[in-house]
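Structure 1 and structure 2 below are two forms of the same protein chain, each written out on its own as structure tokens.
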Structure 1
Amino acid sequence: MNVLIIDDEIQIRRLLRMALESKGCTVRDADKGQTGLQDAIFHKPDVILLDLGLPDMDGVEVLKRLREWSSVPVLILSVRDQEAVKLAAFEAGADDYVTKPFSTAELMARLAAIQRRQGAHDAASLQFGPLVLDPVHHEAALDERPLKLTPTEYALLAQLVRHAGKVVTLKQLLRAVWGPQAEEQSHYLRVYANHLRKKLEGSALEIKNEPGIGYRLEEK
């Protein structure tokens, strides 16, 4: 796996490089947003680790520019732990967010999840673990048994499966399922998420709530 690290702290870059190379990754790094973006263009990394506090531009800005032409998975690695900052990063298209100080083991696990998802996504099927969705008939099956869903529940579940393992923000879900005018109506979402949770009870899947940010569909 090719990993690009964009971080202005040389120690962090060195440590990450050591940790990643020991897992067999190829690592490139950049200490500025601008050079990081150039590197991303020329070397097409499989995943990018991005710091938010860069000397030349804000990390969210880097992410936005990157998203103009690329869908490469981006994991944010930052000291900022306020929900508003996290939310902005997810809205801009981050795939995951880890706050510093971080545990290397957890970071590796998150990277692995991203990689796995990337592979699954290529298959273009709406499948996640024991859950299979039929986009044509709007039907779902869990553990090979049909799962009864209302149209709204189906739409919501489809959104979560499409981005399985990744945080989907409340706004994104509301926009996708209820339309852009419903962006403030988060109580709908809370209610339907609870319905879905009840229906997924007992299976290996879990709809996890990220406080103040959104939901994430995970395998337990």
Structure 2
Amino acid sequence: MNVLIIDDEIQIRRLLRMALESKGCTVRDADKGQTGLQDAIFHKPDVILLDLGLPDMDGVEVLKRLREWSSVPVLILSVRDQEAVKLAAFEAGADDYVTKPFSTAELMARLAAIQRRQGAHDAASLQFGPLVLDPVHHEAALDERPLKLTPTEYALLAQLVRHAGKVVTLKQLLRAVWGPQAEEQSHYLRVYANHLRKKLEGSALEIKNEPGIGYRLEEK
């Protein structure tokens, strides 16, 4: 998940960056509303964490300008806990609202919920970096070129893309691709993970193995 943080407090940006990068996210940050809007235009994040108290413009104004052209999920982070402020943020297009101070666990849970909703909304396509999967037609493209995959390879790769940057356990993968009866057949994964590694060679993506735990798709 590519995350853009728009917050003028450097300590908050550092905290968020550490927490998000530890979960496999790619993070950019901005300390002003205008800079954040420019970053959103050029880097197209998957989610934006937006503070309301910015030095050059109010966060709600940033959100309104953003919503003129983008539907990217936005999570508000603010010390303002008045109901009217929260309502204004939601009316401007916020997807969620967390009051400062907040726990890292709460933030990650809120982001996970946003990501699940976004995934359901965008069920017609899966994308991670240069890789795009079409679940409807079971087709794949890597660096804008068709990627030939068997049905099993596609199913495994789709699971890794859905959880890109995170370790997906052996049992999770075996159940999703081969069914509950295959939970102990980890050699299936070794074979097909190696097939996919060969097909991803030369790209910016790689499949990492966490021995005895699972696999993770990540950018190099």
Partner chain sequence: MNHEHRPDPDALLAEMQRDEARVKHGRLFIFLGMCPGVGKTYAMLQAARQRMKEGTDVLAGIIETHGRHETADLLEGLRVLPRKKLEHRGYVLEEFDIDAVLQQRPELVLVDELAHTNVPGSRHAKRYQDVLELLEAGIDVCTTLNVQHIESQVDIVRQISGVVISETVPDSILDIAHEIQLIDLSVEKLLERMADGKVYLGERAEHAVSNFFKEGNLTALRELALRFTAEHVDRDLEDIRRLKRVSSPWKTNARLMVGVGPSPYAESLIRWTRRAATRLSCPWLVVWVEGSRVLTPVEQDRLTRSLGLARKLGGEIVSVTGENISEALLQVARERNVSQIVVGKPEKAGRWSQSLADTLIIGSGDIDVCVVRPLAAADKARSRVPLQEPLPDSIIGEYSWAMVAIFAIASVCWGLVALTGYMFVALVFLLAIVVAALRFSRGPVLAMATLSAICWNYFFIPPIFTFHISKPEDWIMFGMFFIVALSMGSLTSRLRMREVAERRRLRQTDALLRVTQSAALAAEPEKGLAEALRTINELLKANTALIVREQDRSLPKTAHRASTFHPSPKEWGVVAWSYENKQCAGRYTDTLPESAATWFPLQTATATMGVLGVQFEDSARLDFVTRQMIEAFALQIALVLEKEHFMQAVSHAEMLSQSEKLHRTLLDSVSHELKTPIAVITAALEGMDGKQASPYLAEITTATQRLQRVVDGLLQMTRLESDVLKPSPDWCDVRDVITAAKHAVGAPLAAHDVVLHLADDFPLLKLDHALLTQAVANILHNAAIYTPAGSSIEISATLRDGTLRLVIRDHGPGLPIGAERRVFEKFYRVQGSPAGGTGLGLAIARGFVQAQGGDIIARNHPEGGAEFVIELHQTATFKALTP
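Between two forms, the rigid core is the largest collection of C-alphas that superpose within 1.5 Å. Residue positions are counted from 1 along structure 1's sequence. As the structure is a computational prediction, the values presented were derived from the model and not from experiment.
In this comparison the chain labelled structure 2 is the form predicted on its own, and the other chain is not. With a cut-off of 2 Å and the rigid core superposed, A204 has a Cα displacement that reaches or exceeds the cut-off between structure 1 and structure 2. Core-superposed comparison between structure 1 and structure 2: CA of H163 displaced by 2 Å or more. With the core held fixed between structure 1 and structure 2, N194 has its Cα displaced by at least 2 Å.
Summarising the core-aligned comparison between structure 1 and structure 2, the C-alpha atom of L149 is found to shift 43.8 Å.
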